[in-house]
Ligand SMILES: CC(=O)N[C@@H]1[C@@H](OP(=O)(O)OP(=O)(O)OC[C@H]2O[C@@H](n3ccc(=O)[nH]c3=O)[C@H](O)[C@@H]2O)O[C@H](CO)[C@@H](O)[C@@H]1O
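We begin with a single chain expressed as structure tokens, specifically the form predicted alone.
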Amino acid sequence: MGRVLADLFKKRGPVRTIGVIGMGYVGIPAGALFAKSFEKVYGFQRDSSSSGYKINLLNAGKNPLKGEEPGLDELLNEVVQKKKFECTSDFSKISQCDAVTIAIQTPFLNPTDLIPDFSALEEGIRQAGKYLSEGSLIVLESTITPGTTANWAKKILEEESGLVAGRAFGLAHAPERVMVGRLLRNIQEHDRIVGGIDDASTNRAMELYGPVLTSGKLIPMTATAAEVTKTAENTFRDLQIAAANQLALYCEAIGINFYDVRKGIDSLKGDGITRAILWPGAGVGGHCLTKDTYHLERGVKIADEQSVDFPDGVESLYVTARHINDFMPMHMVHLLKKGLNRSGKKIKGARVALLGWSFLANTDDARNTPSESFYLLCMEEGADIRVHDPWVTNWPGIDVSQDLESVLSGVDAVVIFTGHRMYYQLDSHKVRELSGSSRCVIIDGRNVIDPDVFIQNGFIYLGIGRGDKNSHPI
């Protein structure tokens, strides 16, 4: 069967035209880079009320993503001007594509039931199957439950196309490995995991991604191994963050500075020594880390293999890490209450400035932002919350302001949730003047301000991991 597909790829010739389904944080930079290296790229985007606006913007060479994204504006304009990139809602043009990548979000509506919402991904896969032609390649870039490519996705593509995967068309998983704020760089420099359902699919996918890489290497494996690789690497990062968060909570309880401890741990270096430790914070957000643990856990449960040999009565280490990271917005509420209590106030009726709505510094990416969890918890407590973010201009049901001074005016407390560059420059005198309070509370969830400077200017300071400062004399 593999030989038949390999011959079809050879007959079709080299990859020239590429389709990218999903014009988001992954699809847009990927499409632009493909257009730089190949003859033609179609970016497929539904003309919906929420996202249809991207079509005209992209076809004008304009980047719909906000925030700092080095090189993307220039590259988009270049490939559009050269007529190598076109965004369209006409999915029938998939029939013209030698390869089609699909990058669509795969959230969990309720992580505890381990059932992902694949509805949007399914729509994209069905569109690809409906129009795919013999000898084409379909690549899933979305992070998915292990086993999805070779089973669920394969079945849908075959149903829609009437063709057989591995014989008439290729199918692979090549997970994205990008961080907002460095999209182009990540796609070009990170090694690319490529897993086909067979050798012919893997080899064709390597032809697709090879020209885009600058310093990154291609790492071939099976489709399911690629799915496990992606979910596991994000699970491990989430685990590392949870370890830092738990240590920060310990340092607060003991009354010491987490950052001193971290520096000490990090100083141990040598052959075979690995003591890497990440940073604690107000919570973990984004589309990946908040869900990929559950994809990995689900993959184990649905695999038609032997059961996992694991200690009885012990919850998954990875799921426990998720619970710790999900707890951090609540911890921020606890710090806020403690600070307000020291200032002689209660959280009910307190005026609070929440600084940062995106989950990632210097971007507009607010998917699964921990700021929202904190906001809702404070609203339940009766607090009056104002939100500031320099990049996020709107959010359903939330008034997000770009006017920092108005948000800080007359507040009882300032809570820093995102490490935006501008928050590092907060002036204690100016903030105190705007607040109008001699005992304004400031809660630092990202270690962006110097506590001593604010304490000396009359603030009541509390910060994650700052047990040495959280009970400072007033």
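The shown structure was predicted, so the numbers you read here are calculated from the model rather than taken from an experiment. Just count from 1 along the sequence shown to find any residue number.
Another form exists, predicted in complex with the ligand; not displayed. Remarks below refer to it.
When the ligand is considered in the predicted bound form, R237 lines it closely, a heavy atom lying within 4.5 Å. Although the partner is absent here, R192 lies well away from the ligand in the predicted bound form, with no heavy atom inside 4.5 Å. Of the heavy atoms in C288, some are within 4.5 Å of the ligand in the predicted bound form. The closest heavy atom approach of G283 to the ligand in the predicted bound form falls within 4.5 Å. I241 is the sole member of L157, I347, I241, L249 with a non-hydrogen atom lying within 4.5 angstroms of the ligand in the predicted bound form.
The contact with the ligand in the predicted bound form, taken as any heavy atom within 4.5 Å, belongs to E176 out of D364, E381, E176, E372. Residues within 4.5 angstroms of the ligand in the predicted bound form, judged by any non-hydrogen atom, belong to 274-282 and to none of the other stretches in 393-401, 274-282, 146-154, 159-167.
The single residue of 425-446 lying near the ligand in the predicted bound form is R446, the criterion being any heavy atom within 4.5 Å.
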